[in-house]
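Only one chain is included here, represented as structure tokens and corresponding to the form predicted alone.
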Amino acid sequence: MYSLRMRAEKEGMHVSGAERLVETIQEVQKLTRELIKRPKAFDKIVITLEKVEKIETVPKALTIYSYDFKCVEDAHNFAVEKLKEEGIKEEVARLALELLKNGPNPKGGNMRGAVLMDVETGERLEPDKERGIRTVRVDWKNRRSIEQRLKERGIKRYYINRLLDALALATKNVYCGVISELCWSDDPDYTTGYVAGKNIGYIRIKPMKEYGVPLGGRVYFVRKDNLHQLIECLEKRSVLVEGL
């Protein structure tokens, strides 16, 4: 198989990213044309193509739940309560929320990857705090079948690709040892975010930010004692999710 990844930037800042695991060069060519259409605005797109020798599988994705709230404050309070169900201390969860609200890059703005946050202390553990850690080499075993199932559940077509990408990524994160995750998009027009974990599943929450805000990102809550193995799994091991 091949790992195909797209990353887009504007004025040096990350604005869009996506990836697929595919079986043929013909699929690579077709998907490359699709992926480069995803960024709304950019001045640089990087396409990475790698051969993948070993594939691991996860039988079932995290269970999907969805909640809508009247305001960001209510949504954030709900997210904190769910993170607490995964053992995340409230003060650590609040620290993660503030980090994404203000932009996780120490130089200001967004990051290409995710923040690794110590589950006990809230300390940032990623080796490069401007780049972060990227969860890559992940996709669905039969993406079209999963798309159809989501359509049957009434999920709008516009949201399906976003949901598929984020759900596969969150599922791999848990598989690799991430305890829980907090995320919302840096797309100014997209206000839905999520929290995820082994016990709580994948919980879509809206609105996690105000419309028009260009800041977002991911925080992975992790333990220090398995950090090297965790990073290796997130960035190097190829994982296909089999079903919902």
Ligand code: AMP
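Everything numeric in this text was worked out from a predicted model, so none of it was measured. Start at 1 and count along the sequence shown; that's the residue number.
Omitted from view is the form predicted in complex with the named molecule, to which the following refers.
Check your understanding: Given that the named molecule is left out here, which of A93, A75, M117, A114 has a heavy atom within 4.5 Å of it in the predicted bound form?
Key -> It is A114.
Check your understanding: 52-60, 181-189, 65-73, 23-31: which one contacts the named molecule in the predicted bound form at 4.5 Å, heavy atom to heavy atom?
Key -> Within 4.5 Å of the partner lies stretch 181-189.
Review point. Is there a heavy atom of G216 no more than 4.5 Å from a heavy atom of the named molecule in the predicted bound form?
Key: Close contact exists here: in the predicted bound form, G216 approaches the named molecule to within 4.5 Å, heavy atoms only.
Practice item. Report yes if any heavy atom of A79 sits within 4.5 Å of a heavy atom of the named molecule in the predicted bound form; otherwise report no. Key: Close contact is absent here: in the predicted bound form, A79 is far from the named molecule, nothing within 4.5 Å, heavy atoms only.
Review point. Wondering, does R134 line up within 4.5 Å of the named molecule in the predicted bound form on heavy atoms?
Key: Flag for R134 set to yes.
Practice item. Answer with yes or no whether L169 is in contact with the named molecule in the predicted bound form, where contact means some heavy atom within 4.5 Å. Key: Residue-level check for L169: yes, a contact with the named molecule.
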